[in-house]
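Presented as structure tokens, the chain that follows is alone, the form predicted alone.
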């Protein structure tokens, strides 16, 4: 017999009809049509899915005989979605003082070498996933390990935790150290095996993951294009226009290309299921192509700031596409907290005289990301029937946050201060399919 559990607390989520354009930006608009905010609400979960949600006064009779969990004035909201991260880079986070290409050689590649050892790989993977859940992220687009045994182990651990995840083995067959270099055929064979074993198994989706144009031969990108044709539902992730020196190096490496994006497009790798990390130094032609293909942008402000890569011009990109999501770029990014990402996104926009309201940023990190990834029928809000991945946020987790939140009188300002002052300490609990995956002590 299936049993339901009722979770009581403040509840916030975006409605199915919400878009980047129609969500309100402040309480002055007095428009509640695209979101739900219940100061005293109930979320009912049954068999891992949302059964019902509504005000406590309307549901209190219905939940009388159910198991109940009362979170008081804590905020219950869908889990965060991180669209760009490196699962294998925990050991080099906060590596000092280099720009992108030097940083890869000096820190990233040596750090990723531990994944050649299954025991080290398992320990590092589980540290990463525990830390991810502690930060309230329930879904991610993630670069997995290069080696088959480690990549397979990553999928196994994700499957054990019932996480909805998009990932795949990182691909590179040139310009990498010997200890990380696999042949083109090895890269392809590993991808093929993982696709057959894991793509669409339970809540997992395989993602073709050519690291970036400088680490991939034309042959491996052709093979990626062939795999995409063979399996149209595959996701693709790669890096684009992150660093000025990188962009110039790509021009020299691929003199036939019109621009950086054209390198990927030549091989059929720019689609509506392609997630492009960074996208700082885009040309108009690249933006037009992204608009045409509906490719997905993953903006990674904390990483871009840390590596000195540049300022993403969100106002300019929004003129072409609303498929803008947010990523930690864990590795280059020094935090797995989407609060930190949303905070830096605000600051980067402000440095360019553009205001990015709290609702817009929260949308980009939750339901907007689900829509861009074509997962909004499954996750991203509390529409009955959707998978119950949610988090519980304590707006009084620290003395100052308590002081500040008690002076807030609307959801817009509450979200703003959470993004500005929050971190992993405000996550009281993370639930995957209605089961607790992390609970603060």
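Since we're looking at a predicted model, the values are computed, not measured. Numbering follows the first chain given and starts at 1.
The following text describes the form predicted together with guanine (GUN), which does not appear among the structures shown.
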In the predicted complex, which of the stretches 289-297, 179-187, 134-142, 103-111 has residues with heavy atoms within 4.5 Å of guanine (GUN)?
-> 103-111
Give a yes or no for residue 212: in the predicted complex, does one of its heavy atoms lie within 4.5 Å of a heavy atom belonging to guanine (GUN)?
-> yes
Heavy atom of residue 323 within 4.5 Å of guanine (GUN) in the predicted complex | no
Heavy atom to heavy atom, is residue 242 within 4.5 Å of guanine (GUN) in the predicted complex?
-> yes
Guanine (GUN) contact in the predicted complex: residue 303, any heavy atom under 4.5 Å | yes
Out of 224, 307, 270, 250, which one falls within 4.5 Å of guanine (GUN) in the predicted complex, going by heavy atoms?
-> 307
Contact assignment for guanine (GUN) in the predicted complex, among 77, 358, 259, 89, heavy atom within 4.5 Å = 89
Residues in 421-441 that come within 4.5 Å of guanine (GUN) in the predicted complex by at least one heavy atom, in order, are none
